[in-house]
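The chain below stands alone, shown as structure tokens; this is the form predicted on its own.
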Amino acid sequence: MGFDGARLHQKVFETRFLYWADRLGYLVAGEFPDWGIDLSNASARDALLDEWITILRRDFNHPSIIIWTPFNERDIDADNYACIEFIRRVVRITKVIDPTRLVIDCSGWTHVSEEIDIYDVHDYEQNPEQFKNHYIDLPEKSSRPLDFRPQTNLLRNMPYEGQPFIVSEYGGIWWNPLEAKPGESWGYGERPKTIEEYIARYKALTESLLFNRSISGFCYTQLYDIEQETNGLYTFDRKPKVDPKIIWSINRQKACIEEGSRGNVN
């Protein structure tokens, strides 16, 4: 379908996967399954750090890994200093062990470290026009929290300061051509009524990122269905919901950032 790589959400890639990613030139993010871990608990923090260091050392020599992301969607209270300082410490330790790769502290939501190399957001807005408007004039939004972020207390976020900007989760379009029963299917926003509407929405959302020179990358959610989440481009059994050539033709368009002088398409 024309993707350059993948995030494996809330899981550590198995070494066999990384081997083939190395061989095939497929780019991946090294992440950690931190969902549900209480970072205010000292024992939990110690265990997480020990395991994270083990992962860094195990996978350091895989050239397919281009980003380290130890945390995902952390909803951090501004007065939770132990949690904030721990995340900052994990970022510093990551950079000491591996100074060659980019690091994100907490993908998608609250950024608390001044040392992150990439600023990323998760944005599941389904209206293509509203989605595009989130990122128009992005450099001018520097030094203040982005107003579309899904937190109740924006002031606890590190402001965007001009780092490479990635929308590391978007889309999640609810589409199941097999017509799952209500209550057994889930996705973001209103389900498209036709395959044509599904393709049009995917195209509009993706092109608003491709044709914005302030966007350095993006990651669609998600490649295939998982259990009740029917927002994949493939089914749970890895069967394409739409002709892969259609998605490939959208994804493989030259991005604005690759052309340099094209500017934003508004």
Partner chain sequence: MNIPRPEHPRPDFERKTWINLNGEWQFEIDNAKSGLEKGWCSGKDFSRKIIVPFPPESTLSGIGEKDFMESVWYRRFFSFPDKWLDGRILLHFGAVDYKATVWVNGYLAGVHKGGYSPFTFDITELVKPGDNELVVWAQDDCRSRLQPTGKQSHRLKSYGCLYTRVTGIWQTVWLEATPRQYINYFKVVAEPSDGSVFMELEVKGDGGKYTISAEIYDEGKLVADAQTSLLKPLSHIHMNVSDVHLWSPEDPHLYKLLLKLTSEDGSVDEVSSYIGFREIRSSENKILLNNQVRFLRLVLDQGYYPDGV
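Positions refer to the first chain, counted from 1. In this text the structure is predicted, and so the values were computed from the model without any measurement.
The same protein has a further form, the form predicted in complex with the partner chain, not shown here; the description that follows concerns it.
> Taking 4.5 angstroms as the cut-off for heavy atoms, does Gln163 touch the partner chain in the model of the complex?
Replying inline: Judged by the heavy-atom cut-off of 4.5 Å, Gln163 is in contact with the partner chain in the model of the complex.
> Is the gap between Val12 and the partner chain in the model of the complex 4.5 Å or less for some heavy atom pair?
Replying inline: Yes, Val12 is a contact residue.
> Going by a heavy atom distance of 4.5 Å, is Pro244 a contact of the partner chain in the model of the complex?
Replying inline: No, no contact at 4.5 Å.
>> Although the partner isn't part of this model, could you tell me whether Thr100 comes within 4.5 Å of the partner chain in the model of the complex, counting any heavy atom of the residue?
In response: Yes.
>> For the three residues Val112, Asp137 and Lys203, which mark the spot I'm curious about, does each lie within 4.5 Å of the partner chain in the model of the complex through at least one heavy atom?
In response: No, none of Val112, Asp137 and Lys203 comes within 4.5 Å of the partner chain in the model of the complex.
> Does anything in 112-134 come within 4.5 Å of the partner chain in the model of the complex by heavy atoms, and if so which residues, in order?
Replying inline: Contacts from 112-134: Asp117, Ile118.
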